[in-house]
Every structure is written in C-alpha cells, then in structure tokens.
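In the form predicted on its own, a lone chain appears below as structure tokens.
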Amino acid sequence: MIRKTLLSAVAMTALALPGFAQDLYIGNAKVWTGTDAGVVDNAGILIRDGEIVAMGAGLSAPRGGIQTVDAEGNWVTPGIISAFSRTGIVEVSAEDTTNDTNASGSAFSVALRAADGFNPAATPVAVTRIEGVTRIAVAPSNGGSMIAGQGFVADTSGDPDSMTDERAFVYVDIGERGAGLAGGSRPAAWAALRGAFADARGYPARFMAHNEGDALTRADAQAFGDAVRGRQLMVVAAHRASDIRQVIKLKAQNTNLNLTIVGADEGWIVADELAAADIPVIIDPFQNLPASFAQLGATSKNAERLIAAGVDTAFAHLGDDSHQARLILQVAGNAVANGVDFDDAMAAITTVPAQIYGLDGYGTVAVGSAGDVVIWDGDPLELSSAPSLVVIDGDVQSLESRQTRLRDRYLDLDESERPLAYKN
C-alpha cells in the first residue's frame, strides 16, 4: 500500500525532529494546484521551512540532506480547509463539562472567544486530520444571544500552538435560531442587530455614564467594533431567501462590511443578488431537504446554481459539525454528482475558504504557498479514497487517531488475550 510506503519513508525524520518544519521533496505527483496552472502531472514539490519553494512538472529532488517521497503518480492537493465547524471545542456533546460551544448563562456575547475553549488534543481533531483536513474554521454556537461570539481558525496538527487566528470572525445567527434568542421574531432579531451596530460604533462615548448600551455591554461593544467597521469578518447564518435578502440589504447599507453567509439553503433563489453584492457563502450541498420552514426551497442543485451565478461558494459539513467536519470531502463529492464541476468542488474546500478567512498562501499548491499538502491514494472526492500523507506547514503528520489505535489493538486480537466470559 502506498500509505505504508510513504509513512516508512518519512517516519525517521518526523520522529527525530518533532515540531519543526521539515525540508521535504514530493515527486512523481499528480498535483491539483488550485491555480490557473490546473492539474500538473509528473510534478515535483519542494518544501523548505514550511513553504513551497519550487513546484513543477519534471522537478527533480535536490541533492543530499532532504527527505524524499515518491507519490507514485497519485493525487496531491492543498490541505483541505473546513470552512465551518465546532471541532476541538466539544469532546462529548451531551456532557456539559466537555462542551464549550456556547454559554447560555453568560452576560457576554460578542466578547466570548471560542479560542479560549479550544483543545488541540481533543479526539475529533485527529479524526479530522487523518481525512486530509489541515485547517478548521471553528465557530461558537448561540447560547443566550443571536451574536454567538468570536470564531477562530486553527490547524489540525494537535500542537499547543496550532492556532492560526484567534479572532478570525464574529458569528451571528439572523435566521430562526437568532430570532428566537432575540425575542421571538425576525423583526426583534434585526432590531437587536441594528442596536448592536449602534453600540459598537458609539463605543466608548455612549458607555461613559454606564456599562450598558442599547443591545450590548461595554465589553461586547468593544469586541464588535472591528466587525462593524469591516476590519473583521462577520459570518452570518441565514437559510431562507428573504433572510438572505435582508443580509444583502445590510451590506448595501454598510458597504465596508466583510460578510459571508453560512447555510444559504435557499441561496440559489437569490444567487444573482449574492453575486452582485459580492457576498460569499458557505453551504452544505447535502442539505437538500425542507428540514424547516426556512429550508423549503432546499435542493441538491443549490451549489451548482450558486457557482454558475458567480457566487464564491465554500463547502462544509453542517450536520454533526463538531465530530464530523471531515465529511466535507463527501459532501463535495455529492456536489460533483449533482452537477458541480470537479475543479469548482475542490476550490470550495481549499481556495475559496482560504480567501474567505484571509488565509494568504493556503488553499493552493504553488511557489510561495504554505506547506499544507495531502497525498491521496485515489481521487480525493471518491468516498473510498484516503490520505496516504498529510503535511501541515512542512511537518509530516501522524495518521493515527484514538479510533485507529483501537482498531489496530482489537482487530486481530488473539483469543487467548481476551478476558474470560461468564462461565456456566
């Protein structure tokens, strides 16, 4: 198996120098670049100090002192980027002591930072990494407010310093969930959001006499300031076409805003309007059923129609987004089965999320790109394919998780090693 070959080829280097970017050459690769170069066959990739310094067809390994890997003609892609998840901030969803996704009893909203609860050693992080996902955008969930707080971007190495951006975005739910938290209706949600905008813009002057604004506390107003001024990304959850139009209207009234919509199950209905407003979307192409009144227009053609209209479209698995963010590859494959071009689907899980979150150098395989690359044992969007090598910032990563260790321990267990059963 290629997986065993590649792992043995790099094992000594990875074990000898943990935590440091390795000089690495990958040869004989079929590279999906994520750039205008398209797919490059028989390519070589040279990574030094965590960055791709050379890439091209026929590129040979430099002489001496560098680890080399033969991709054996297999696909090499940028590291996959999960555009929306809750990986690493919850271990067991039903156990409150391990769940830091929301704080329904807190007096704060925007000031809450999901990064403060991130555990890089959480089991789902390794599970996500071994499927080829090298970067995750992690959002808090809504507890007591329609504005959930600050989301972050991290890599999936499991290292203590794996945070890429601790305040990558503010997450706001303006749909059914947000309406319920704001007072029970969409008008209440929009009134609350307008009040929050006014508080943030008026900070600190309107807080001189007391700690409360119209909608936010002093700390929340301060934390919201960058987002309302367009200096920080605002990720807004909206599914219904009418809700999406309201977000488009918000952008038109505040042209400096940096907005992305997550959900957008009825996005295809307003695809031309989204494209004209230059608002990207993060969707789950597999959310194709009318699961709520806000999703009555859901269709498996949503992704195809949004992309055809010119909307920058990223994919994410929005179901079990804490433990199954890795299914992003499966939903991308389903999108291809429903009419999305292969290159567009690959871009939706690499280059587009990198652009949304301002991850310069990520999502592509080119000179100057970060050393996040994955070698696959087949077509990366085929369900039966798996990574044979994962590299994050030049570091070769472990392809082990708690689940693989349990599998290996018990798959071929000798009967004599098993505990005694009850005796009659």
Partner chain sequence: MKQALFASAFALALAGCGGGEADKSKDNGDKVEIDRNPFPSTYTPYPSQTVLLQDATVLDGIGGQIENGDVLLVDGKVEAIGEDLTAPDGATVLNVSGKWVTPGIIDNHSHLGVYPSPSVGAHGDGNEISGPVTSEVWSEHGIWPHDPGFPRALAGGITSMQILPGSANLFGGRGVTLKNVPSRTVQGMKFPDAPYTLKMACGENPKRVYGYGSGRYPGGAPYSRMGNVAGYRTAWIKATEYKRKWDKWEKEGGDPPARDLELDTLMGVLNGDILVHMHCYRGDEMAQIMDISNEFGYKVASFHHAVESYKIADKLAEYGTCSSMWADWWGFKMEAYDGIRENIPMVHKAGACAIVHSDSDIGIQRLNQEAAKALADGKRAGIDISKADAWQWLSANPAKSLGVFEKTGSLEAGKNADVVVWSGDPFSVYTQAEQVYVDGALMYERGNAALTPVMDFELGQPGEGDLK
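Positions refer to the first chain, counted from 1. Keep in mind it's a predicted model, so treat the numbers as computed, not measured.
Below, we refer to the form predicted in complex with its partner chain, which is not included among the displayed structures.
By the criterion of a heavy atom within 4.5 Å, residue 168 is excluded from the residues contacting its partner chain in the predicted bound form. The closest non-hydrogen atom of residue 91 lies within 4.5 Å of its partner chain in the predicted bound form. Looking at residue 342, you'd find a heavy atom of it within 4.5 angstroms of its partner chain in the predicted bound form. Proximity of residue 383 to its partner chain in the predicted bound form falls within the 4.5 Å heavy atom cutoff. A single residue from the set 182, 269, 228, 277 has any heavy atom within 4.5 angstroms of its partner chain in the predicted bound form; that residue is 269. Only one of 123, 254, 246, 106 comes within 4.5 Å of its partner chain in the predicted bound form through a heavy atom, and that residue is 123. Between 139-147, 123-131, 218-226, 307-315, the stretch whose residues reach within 4.5 angstroms of its partner chain in the predicted bound form through a non-hydrogen atom is 123-131.
Contacts to its partner chain in the predicted bound form (heavy atom within 4.5 Å) from stretch 376-412: 377, 379, 381, 382, 383, 384, 385, 386, 402, 403, 406, 407, 410, 411.
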